[in-house]
Structures are given as C-alpha cells and as structure tokens.
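Next comes just one chain, in structure tokens: the form predicted on its own.
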C-alpha cells in the first residue's frame, strides 16, 4: 500500500496552495454580486480533497520543481469541478441535500443562485486560464491548448455527455457494459485525465510522455469512479459526507450492480496495476503519482 504520510502531505500542500490562491482571487468587488461570490465560495471551500489539482501539480512536477507557476491552472480545474458538483446536486439531477458533510449549495442559496453560481465558476475558470497577468511566463499557445483540453473534457464530449447518459439511460437500465463504461469514462474520467495532461502540457512534455500520462489518466479516472460506486454501497453518510446508498435506491447502473462487489474490486486492482505500469517510464519521478493512485483506490470517501 502507499506511503500514506508522503502522499497525504503532498495532497494537503497542493490543497493549501490552491485554496490560498482561490481565496485571494475570488473576492467580493461590489454589493450587487456579493451573494453570488458568497455562494461560489461556499462550494469552493466546502472541504474538497483537491485530487484533480494534485494530479495536475504532480504531473507537472515530473518535469519541473517550480510548482507555484501552475497553481492558478490547478485552481481553474477545481473551479470547473466545483461547478459540476453544484449542478449534480440539484433536484433535476442527482437531488442531494449534502455534499462533503455540508448542505448542498441549492439548500443554502436556492436553486436559481446555485445554477448561476455553477455557471459563474465555469466561466471564471476560463477567465483565469487566459489572464496573461497570472503566471506570465506561460505562453498564449499553452493557454489556448489548456482551454481547449479543459472545455472538451468538461463539455459535450466529456463530463456533460456522461452526465446526460447517466440521467437518460443510467437509471433502471438493462445491464449494459458499454453504456456503463461510457458514463464513467465521460462523467468522471475525462476531467481527471485532462488535469494530468494540463500539468504535462504546462511543462512542455513530449508527445510520448503525454500519451503515457493520458493512458494513466484513463485508468486512474475509471478507478476513481468505480471506487465511488463501491463506497456508495459499503460506506455511510457520516463517512462519505453525502447520502449513501442512492445508487441502489435509484437503480443506477454501476460497476457493483453489473459485476458485483468482488469483481469490481478485482477490476480496481487491475486498473491500478495498469496505471502504475503506464508511468513506470518516469521511474522514481512517478513516486507521487503512484501514491495518488493508491490514495484514490484506498480512500474511504
């Protein structure tokens, strides 16, 4: 199993750096937008682990130790992720009252402001990426590349496509392996993979290095969602910080519902081994990425 202290320390350090940046970046500038910013900050600082930010930073650190330069881009990814969570929790979507042990955004600020807060977060993320005054050494070409990667992974070819498939076909559906993989690969994996590739592209990684990291992202992203499926069955609201057992109640198509718990865990191990094999090329430099891989698999929430 992973070295818990080293990996958790790295993830904690990444989270602190990203949160510090976001705290200074997302501020109230006028009275009319104060409630909107308050709502955006409520969800942004609700206690997320910042896994995607950590993956971006650890991918970049394969090539450079100057991680501070990529903190704003890691923050942008977390803004997009938070927007997706706000919208996922809405009554028209997954209809959840709790997220990370706190009331969901729409339960505190109402549905209208929750929707607009999510909209504002995703647009603010692209404003941040393309602000030349932030990390000025990053070229315009890199910013365009990063913007494209993030928009594709979170749009109709990625996260939103997966969410739509889950809503339209994921409930009360007949067992369908291809549909299940499509939902998981798009709804969760694409943004995780994009986070890893953004880190590599910011470091000007070679094409073959990006290919290996993309394959790693596919494996670890799918593993992340499978573990979510498993925890929904095996954990509790107190541990998860959100409603447990909803997948079963809603007859959702998940890995445990299709393959059973034991086989799902075997698939997890297989994905973990493949992910580590993909980045073995980087040798000892991949220690942190390997640790995060283990963290994703063995986390309890």
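Note that the structure is a prediction, hence the values are computed from the model and not measured. Numbering follows the first chain given and starts at 1.
We do not show the form predicted in complex with another copy of the chain, though everything after this point is about it.
In the predicted bound form, residue 207 stays away from another copy of the chain, with no heavy atom inside 4.5 Å. None of the heavy atoms of residue 251 is located within 4.5 Å of another copy of the chain in the predicted bound form. Interface membership of residue 101, defined by any non-hydrogen atom within 4.5 Å of another copy of the chain in the predicted bound form, is ruled out. Within this chain, residue 246 is remote from the site of another copy of the chain in the predicted bound form, having no heavy atom within 4.5 Å.
Using a 4.5 angstroms heavy atom cutoff to another copy of the chain in the predicted bound form, none of 258, 272 and 284 count as contacting. This chain is displayed without another copy of the chain, yet in the predicted bound form the stretch 175 to 183 from 67 to 75, 188 to 196, 175 to 183, 215 to 223 comes within 4.5 Å of it by heavy atoms.
Contacts with another copy of the chain in the predicted bound form, taken as any heavy atom within 4.5 Å, map to no residue of 43 to 79.
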